[in-house]
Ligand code: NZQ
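Shown next as structure tokens: one chain only, the form predicted alone.
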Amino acid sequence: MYNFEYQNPVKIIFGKGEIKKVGANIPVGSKILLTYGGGSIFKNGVYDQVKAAIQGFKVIEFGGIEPNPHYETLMKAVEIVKNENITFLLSVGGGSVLDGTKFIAAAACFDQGDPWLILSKHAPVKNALPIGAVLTLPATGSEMNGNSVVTRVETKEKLAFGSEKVMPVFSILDPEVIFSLPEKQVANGVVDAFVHVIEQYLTFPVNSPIQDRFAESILKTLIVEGPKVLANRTDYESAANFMWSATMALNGLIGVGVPQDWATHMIGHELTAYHGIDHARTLAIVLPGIMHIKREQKKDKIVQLGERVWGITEGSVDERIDQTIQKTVEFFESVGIPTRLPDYNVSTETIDTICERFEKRGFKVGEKADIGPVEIRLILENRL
């Protein structure tokens, strides 16, 4: 196991009825920018709960943050923050709203030029406004980490940044918000959380049994509880287990002391940027291709995944790898997520474009930085 440092300052407030505690966790006298997405919070009652909880604060609202938050939209919010002297950001929505809010928090305090540099050149985030979160969709784990992904429509780029400065001060997780979610969003959340775990697990062994077992427990919980939530949206216990799994999948704990991959995400982001495919669905497309093309480099962990999570114990190494890939694909498809490019009308021209973009960037991805344009082409062609 590698050396590591781990600190997570996010206060988690978990359970039914806990949205009422929002105001008690925001500094007295704060001027709040309340951010949200397409307006579902008005239909499910979350907005009313939040507004009741922050009575007495000065509040300005900013809605319309997209499912893949647009840089262009977020910069409008940055202007409001500066013009209105906002001192606290309150994200009410899913991971995309929170990702966008994190960028707003950093960009509003950025004094080194165009805030896009935070994403395009990894310019350091030295300061950021404090953030609180009310989570309405379990998926990204953004409620307990400092990660953010933003899309620039003008250039069709989807890029990420990470900083401890944008970790929420607190996040409120009420599983009852899941009751009103459409099936597609629940399915996306299950797959998103599943692949987050895989990115930190499916690499190579470094004798880290605690992290491995933590990761496997989250995967197995998602496999069991995800379908239960889809079958009965008002099953509170399953909703709670699903929500906590998504948070634990990407709060940094299972990734300490181990190598991490993230190639599935890096390639998947391009499919979203060019075709607008839901983030989780791009992951379901790319992951099986990576498992197949990098089967030799990842064989120890793929076999371990097959044995411990899918119960695959017989056959040659190659046969067990094939079975593990197939089981993973079957799980994604069982929750309604197609796993091949033609399912999304993606052609070979897009593969060419993505490979060209990685060629221009001049760097490779994966836990060993050994996945470049040649490998990416093979990975995507495997999903045709």
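From 1 onward, residues are counted along the sequence shown. Everything quoted here is computed from the prediction, not taken from an experiment.
The following text describes the form predicted in complex with this ligand, which does not appear among the structures shown.
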property: Options 252-260, 122-130, 182-190, 224-232; stretch whose heavy atom lies within 4.5 Å of this ligand in the predicted complex; result: 182-190
property: Option touching this ligand, based on a heavy atom within 4.5 Å in the predicted complex, out of A273, V149, I218, I312; result: V149
property: Contact assignment for this ligand in the predicted complex, among V303, M167, L137, L173, heavy atom within 4.5 Å; result: L137
property: G56 within 4.5 Å of this ligand in the predicted complex, heavy atoms; result: no
property: Proximity of K158 to this ligand in the predicted complex, heavy atoms at 4.5 Å; result: yes
property: This ligand contact in the predicted complex: G39, any heavy atom under 4.5 Å; result: yes
property: Partner proximity in the predicted complex: N68 to this ligand, non-hydrogen atom cutoff 4.5 Å; result: yes
property: Those residues of 263-301 which, in the predicted complex, come within 4.5 Å of this ligand by heavy atom; result: H265, H269, H279
